[in-house]
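First, one chain by itself: the form predicted alone, in C-alpha cells.
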Amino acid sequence: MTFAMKSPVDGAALDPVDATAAADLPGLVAAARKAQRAWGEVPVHKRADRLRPLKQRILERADDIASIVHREVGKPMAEALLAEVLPSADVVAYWCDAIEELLEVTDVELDAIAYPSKAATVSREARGVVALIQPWNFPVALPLRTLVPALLGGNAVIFKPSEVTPRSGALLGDLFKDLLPEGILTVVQGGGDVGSALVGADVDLVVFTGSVATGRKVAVACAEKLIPCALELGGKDAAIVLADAEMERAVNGIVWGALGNAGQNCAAIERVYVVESVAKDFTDKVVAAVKALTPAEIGPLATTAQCDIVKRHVDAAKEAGNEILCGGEAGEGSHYPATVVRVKDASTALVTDETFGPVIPIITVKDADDAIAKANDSRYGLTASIWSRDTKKATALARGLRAGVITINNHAFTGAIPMMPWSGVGETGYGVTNSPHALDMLTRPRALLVDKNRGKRELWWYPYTPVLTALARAMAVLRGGGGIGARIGALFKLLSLIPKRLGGG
C-alpha cells in the first residue's frame, strides 16, 4: 500500500506510514470483540470518566492537530483549528456530560388489567464491534463524532482513516492512549483493500463516510451479512438568495460556505439560486469577494485526483456555454483557484454532480418557488440554506426543502454543534452523526419484562376454550369496538369471565 507521501501545500515529504495487512483484520476484530465484553459491563458514568481527559488533550495539542491536518490535506491553519480542534473538544464535552442520561433505562407503561403483575424496561445496549471508515476532508472532526458516542455506548471500534490522511488517523489513536482498555480502539491503516476486509470481518455495525459508489458496495456487503450500516455519501448543497436578503451577509456567508476547505466539504454550497431581481448585484459582489481572497485562504485541494475532477467539471461547464466570471484555470500541483460560474445550462455536471472544489455556480431563478423546485432537483439532500430578512417566510419555505439540515441566513456550520443531528436524504445516505439520534445506530434497544404473576396460567395460554373466545370478544368491545352502553356491558362480562378463565375455563 502506498500512502500519500507529499504535502499538497508545498510538495514537501510527509512521514512514512505502515499499512495494516488485510489478512490481519479478522484477528484484530476478534481481539476487539473479546475486549468489548468487559468494556460493555463498565458502568456508563465510569466510561465517561475515562474519556473526559480527551477534551483537554485535544485542546493542549491544538497546534499539533492543526499542523498535521494542514500538511496532509492543505487546510489553512486557522481553518484546521476552527473546524477540527474546537468542535472536537465540544463533541467530547457534550457526550461525556449527556451519555449517562441518554443511556438511562426507561420504564414501559403496561395496562395493569391486561398485563397484571408485570413490569418492563428498555435499555440501550452496545452494538458490539463497530467498523468506522472515514474520509480525508475532515480527518479529525468527522471520526470523533462517531468514536466518542460509540465508545461511551460500550462498543469497541476498529477505525480506518483515509489513505490520504493516515497521519491524522494515527494522531487520533494517540490521543486516546491509556484512556481505554487494550483492544477497545484499534486504528488500522490502508486503502480500499483494508476497508473491504474490515467490512467483511465479524463486525456488528459499519459507519462509512465517502463516495456514493463505495457506499453502495458497503450497503450491499452489510445486507449480505445482515448487519446495519450508517452511510453519509456526499452532497450537492443549495443556497437560495431571495430578493430581500441582507446582501452583504449573503455574499460573505455563501462565499465562505462554498470555498471553505477549498470546497472539499460534503456540505459545501455547490449551487446558488438567486432571484432575478437581485441576481446581478449578488453575482458582482460574489466575484469581488472571491477575487479579494488569497490562495493561502483557499488552500490547495488534497489530491491531484480531486483537482482533476474540479478541472473537468469547470471545463465542461465552459464548453456548454456557461460563463466563467473568475478563476477557472488550474494552477500548479493540486492548487485550483476560487472560481465563480454564471450558469446558463443547468444540465452541466457542475450543477448535477458533486464537484468537491472551490467553485461557486450561480443560477438565476424567477422567484422563491422556482428556487425551491430547482434546489430539490438533485440526487443529494444533505444541507441547504435560505437567505432572507423575512425569517418567518424563510422558515415556511424551508419546510419544502429536501434536505437533512437547513439553515436560515447561514450555512453548514451546525455540523460543529454536537447536540444537532447531521443527516441527509437521497444519495446523501442515511447515517446520523451528532445528537442523541446517533445512538439509534450506535446502540440497540433491549426489552426486559419481569413477571411476578404466580398464577397457574395467563389468560391467553392454552387451552383455547369458549370462555377465552368470549373474553377476547369482550375485550375488543371494551377497547373501542362498540358504543358506551356496549362497553359497559363488556366490562361486566369481562369481570365475570376472568375468574372462570383463570380457574381453567
Ligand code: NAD
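We number the residues from 1 along the sequence you see. The model shown is predicted, which means the values in this text are computed figures rather than measured ones.
Form predicted together with the named molecule: not shown, discussed below.
For the chain seen here without its partner, which of 210-218, 114-122, 339-347, 397-405 has a heavy atom within 4.5 Å of the named molecule in the predicted bound form?
Flagged stretch: 210-218.
Assess the spot marked by 135, 195 and 356: is the named molecule within 4.5 Å of a heavy atom from every one of these residues in the predicted bound form?
All of them do, each having a heavy atom within 4.5 Å of the partner.
Should residue 251 be classed as touching the named molecule in the predicted bound form when contacts are defined as heavy atoms within 4.5 Å?
No, no contact at 4.5 Å.
Is residue 161 near the named molecule? Define near as a heavy atom within 4.5 Å, in the predicted bound form.
Residue-level check for residue 161: yes, a contact with the named molecule.
Any chance residue 191 has a heavy atom within 4.5 Å of the named molecule in the predicted bound form?
Residue-level check for residue 191: yes, a contact with the named molecule.
Find out whether any non-hydrogen atom of residue 234 is located within 4.5 angstroms of the named molecule in the predicted bound form, and reply yes or no.
Although the named molecule is absent here, residue 234 would touch it in the predicted bound form, with heavy atoms inside 4.5 Å.
Only one of 317, 382, 150, 238 gets a heavy atom within 4.5 Å of the named molecule in the predicted bound form. Which one?
Going through each option in turn, the one that passes is 382.
Could you work out which of 142, 287, 245, 205 is the residue within 4.5 angstroms of the named molecule in the predicted bound form, going by heavy atoms?
When the named molecule is considered in the predicted bound form, the option within 4.5 Å is 142.
What residues of 264-301, in sequence order, lie within 4.5 Å of the named molecule in the predicted bound form by heavy atom?
If the 4.5 Å heavy-atom criterion is applied to the named molecule in the predicted bound form, 264-301 yields only 266.
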